[in-house]
Structures are given as structure tokens and as C-alpha cells.
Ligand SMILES: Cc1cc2nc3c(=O)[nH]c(=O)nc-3n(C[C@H](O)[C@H](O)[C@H](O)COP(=O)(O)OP(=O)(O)OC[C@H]3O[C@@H](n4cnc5c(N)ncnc54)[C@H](O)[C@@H]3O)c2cc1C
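Here's a solo chain for you in C-alpha cells, the form predicted alone.
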């Protein structure tokens, strides 16, 4: 039955698989008065067991994709008004009669209530769309789909649509992820559901057998898994540099001179902290590449795995770079807001009064003027280059670039951004690093701390540009190995040699 159903709908899916921009409600399902008309009798029927929010959104999407929808509910009279008028809302026993594909939009604890329908569901395709909570996922060893398959062994259970939200179903695939992971032990049932996914404007992704359902159900439970370590790193740097600047700029004047400068905490101290964090994070994006290259030079081969900590560090570079851009953008916004502060206005008035009392008609320090002009210009260039890196890291932009273009932007321009940021910092600290008054509580100025890691990265990259080093590194990355790195031994026995893989 599944094959006949798929062939009957096959000609339609070939037309609709590429139509991602079609409206949610098909034109042929709308009457002249704007209400939904009854679905054509030849449209393939699909059943839905459940009447929750996801079931209603699923019914709306299926109707808009040209399917005939039959919804099974325990109270059809009360639920009928919540579904599209083209969808038939009836009792569960009647809803599972004619459709060959039935979506089970119910919670796991309600699966047992369907056991009375076992004879009617025999031979049909059950699509499990449920998601467990994090506690349920840890508590149960088997997935919801596997549990459903154990209750209905005569049915073909398919796990699908659990990663698609109700909002995405209603608004269309353009407002959400198009990919729909699918897994099942029955290839024919999986193929049938895949064609439905295409017809609804989404992209099916084959995840294998039903054993993979546990992994598929874990997908919605993950909360930015690749961002945990970078976020904690950023938070740690923020706390460290904020506390460091607080001691130097607020606590030191209060204890040593009796000046109350706690008003600097919301804006000034934050604005001093953000560029430090952004600068260090940007250097940490390129430091693991330097360490990896040094390790390859030392080993004389590329065919040995990096340590786990370095491998994970390399995998988190994108997130670290985006957080660096975020902190740099906040620093730019805070800098624009500095003249708006009331304290800044008072400082200007006090400076003008001091100038008048000192009988100075003209106050101009050439070095400070040039320092600030160059400092601001380099900061703008660094932020602009960092913005380009952030934009090209987006999948929609990255997919339009070939590998050489992407590598040039992320590697070459990224290193340029690091150099510009270093010049930006050095311009600010021109001669201030050597002034005794800058060392409060014997603590060096903040910018001197931030220069340590970036300068190491820049110097190392400079060493790698030397011909003797760059040629050796290039040979290693093209497969060359130094003597003794890896030894190949050929078996002496001819029969054993025939069993040796030549791949």
C-alpha cells in the first residue's frame, strides 16, 4: 500500500520539491470568499492523532500542501473549530481507517491509549513527531519512536518532524530550518515520508535505522552545544578584566586619594573591559593554528592526531571569533555614548574653568591629537575587518564562496584584523606603558596584559613566513614525512600479503 500511495503522489512531489517559496495555503484550496475549501477527493489522505498545538500546525501545513487531512481527537466537537475547515476532525477510531500515513502527535505517556486501535493500525505508517523532556531522555533508555514501535509491531514507525517547530510549520520553511531528520527500519516507509517532507517544502535527511531516533530526539534538547566553552571563556575574561579595571580605575583613587569614582562602573569600566576581551578572544582564534603548525613541524608529519584539547580548541574558533566581534561592536557603541554622560560634561566644564584660571587661551597637545586620530582610525579599520569575518562565517555567505576565497577571508584578513587591533592598542599605549603613574597598586596598565598573546601569535606567524620554515611546513601538509615518523612494514608471507588492504 505504501508503494502505491507514494507512486500516486510521486508526480506531485517532483514539482513541489524545489518550490520552497510557495504560500502556506494552496490557492486551489481557497474559495472565492476566502475560506478554505474542501480538499479534492483525489488528494492523498493523511491522519493525525492528537489535537495539540503541533497537531494543528501540522494539519495547516498538510492542507496547504494539497493533502487531505483527517484528525483523530477524543473530543472532536470541541476541537473542530481550531483546525482548518478543509481538515476533517473526528474520533480516533474513524481517523485511522482510510489514511495509510498517520502522524502520532501525542506525548509518550498517551501511547498506550492507542492500543485499542492496534487492529486498525496494522500495516500502516506511524510518524512519531514527539520530543521527550531532558529528564525523560535521561530516564528512558529507548527513544519514544522505539517505544511506539514496540507497542505496534505490525506498523512501520518513522521518526520525523520532531525538530520542526509549530511556528515553522505555520509560517513556512523560509522562517526556520528546512532539514527534517528521518529514521526508520522500513526503507519503503522512510521513502514515503521523505516524499511528504518534499511536498511540504522541507528537505529530508536520512538518519538511518530507528535506533538513531534517540539521537534525533536529542537534537531539540541541545542548547547551543558549540557555544558553551566559548561563552564560559568570554565570561571568565569579562569578569577578570572588569575586576582588574575596577581595582585600577575605581578602587585605587578611592583608597589612595579619597576620590569617589564609582560612577565609572556602569559605562567607563565596561568600555575599558570590552576591547580587552575582544582583543584577547581574537588572538585566541589564531593561537591554536600556530600551536598546530608548531606541533606538525616538531613531529615531521600531519598523520598524527592533535591532543584533544587542541582539537576542541580548533573546532571552537568560529564561536570565539563571533564573540570577539560582539564585544568589539559593543565597545564601539559604548565609545559613541561616552560624550553623552553627565560626568563627561562636568569634566569638560572643569577643564574649561581650570584653563581660564590658569590664563591659558589655547590648549593644544600635538602628540595627544595625533595619537587619538591614529588610534580611532585603526580601531575603525579593525572593527570593519572583523565585521567582514563575522559576515562570511554565516552559512548563507560561506556557501557562496569557494574554499580559496573563504580561506583568504578567514585566515589572511583575520590576521590583518589582529595586526590592526595590535596597532590600535599600541597607539593607545604609545609611551604610557613606561610611565610610573600608570602602575597603580604596582599593577601594569590593562592594555599591556592584552598584548601578550597577540604578540606571540604575530611573531610566530612571522617566523612561519621564513622560507626555511614555510617550505618545510608546506611539504608536511602535502603529505611529506621525516624519516622515522611512520614506518611501513610489508608482510613476508605471500598469502598474508594478499590479505593486506591497499587502500
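Just so it is clear, the model here is predicted, and its values are computed rather than measured. Numbering follows the first chain given and starts at 1.
The same protein also exists as the form predicted together with this ligand; that form is not shown, yet it is the one meant from here on.
Participant: In the predicted bound form, which of 148-156, 208-216, 317-325, 255-263 comes within 4.5 Å of this ligand (heavy atoms)?
Facilitator: It is 317-325 that comes within 4.5 Å of the partner.
Participant: Quick check on this chain: which one of 178, 191, 140, 302 has a heavy atom within 4.5 Å of this ligand in the predicted bound form?
Facilitator: The residue in contact is 302.
Participant: Which residue, 88, 170, 186, 393, has a heavy atom that falls within 4.5 Å of this ligand in the predicted bound form?
Facilitator: When this ligand is considered in the predicted bound form, the option within 4.5 Å is 393.
Participant: Should residue 406 be classed as touching this ligand in the predicted bound form when contacts are defined as heavy atoms within 4.5 Å?
Facilitator: Residue 406 belongs to the contact set for this ligand.
Participant: Is the gap between residue 477 and this ligand in the predicted bound form 4.5 Å or less for some heavy atom pair?
Facilitator: Residue 477 belongs to the contact set for this ligand.
Participant: Heavy atom to heavy atom, is residue 196 within 4.5 Å of this ligand in the predicted bound form?
Facilitator: It does not: once this ligand is placed as it appears in the predicted bound form, residue 196 has no heavy atom within 4.5 Å of it.
Participant: Against this ligand in the predicted bound form, would residue 411 count as a contact residue? Criterion: heavy atoms within 4.5 Å.
Facilitator: Residue-level check for residue 411: yes, a contact with this ligand.
Participant: Mind checking whether each of 282, 286 and 389 has a heavy atom within 4.5 Å of this ligand in the predicted bound form?
Facilitator: All three within 4.5 Å in the predicted bound form.
Participant: At 4.5 Å, heavy atom to heavy atom, what parts of 65-91 sit next to this ligand in the predicted bound form? List them in sequence order, or say none.
Facilitator: Nothing in this stretch is in contact.
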